[in-house]
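Below, in structure tokens: the form predicted on its own, a single chain.
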């Protein structure tokens, strides 16, 4: 009976860790700015426009409703995809901002951040390579 309980527990832990892939928040390797969790959230909500060194922030999203984006919005922005969409619709309607550029895949986000010194994005942590710098893993 103990063996069965142990196997069940191991199986549950394995399944839950597979379901919860990590998300890496990334910047260009040349970017030496420190950025807090609150600033990351503000950057992706269009409320923070510049890094501490004065460079404009070029935040990019991956495609809507991707697993990585849903996880990022939930953990960092503390919003559901519908809430984020409504937020940007309101900002666009009131002239306070437009939604962030949306790229089709993690590979496109990696390439954009690697080639844009003031970019910030997020990808599934399993695709991170040495062309970018990871500033936080969720």
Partner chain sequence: MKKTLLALSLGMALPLTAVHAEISFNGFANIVAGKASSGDTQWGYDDDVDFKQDSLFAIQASTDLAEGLSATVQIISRGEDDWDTEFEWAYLAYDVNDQTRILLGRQRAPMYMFSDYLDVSYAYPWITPPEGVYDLELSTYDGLSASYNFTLGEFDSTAQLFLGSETNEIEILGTEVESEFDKIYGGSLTLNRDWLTVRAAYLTTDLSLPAPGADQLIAAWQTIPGFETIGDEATIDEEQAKFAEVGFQIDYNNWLLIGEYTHIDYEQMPLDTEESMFITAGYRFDTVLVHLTYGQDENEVNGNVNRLPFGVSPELDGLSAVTEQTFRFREQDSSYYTLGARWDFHDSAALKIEYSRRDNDLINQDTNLVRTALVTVF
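Numbering follows the first chain given and starts at 1. As the structure is a prediction and not an experimental result, all values here were calculated from the model.
What follows is about the form predicted in complex with its partner chain, which we do not show.
Touches its partner chain in the model of the complex: residue 34 (any heavy atom, 4.5 Å): No, no contact at 4.5 Å.
Non-hydrogen atom contact residue 63 with its partner chain in the model of the complex at 4.5 angstroms: No, no contact at 4.5 Å.
Proximity of residue 92 to its partner chain in the model of the complex, heavy atoms at 4.5 Å: Result yes; residue 92 sits at the interface with its partner chain in the model of the complex.
Partner contact for residue 52 in the model of the complex: its partner chain, 4.5 angstroms, heavy atom: Residue 52 lies outside the contact set for its partner chain.
Any residue of 97-133 that, in the model of the complex, places a heavy atom within 4.5 Å of its partner chain: Just 98.
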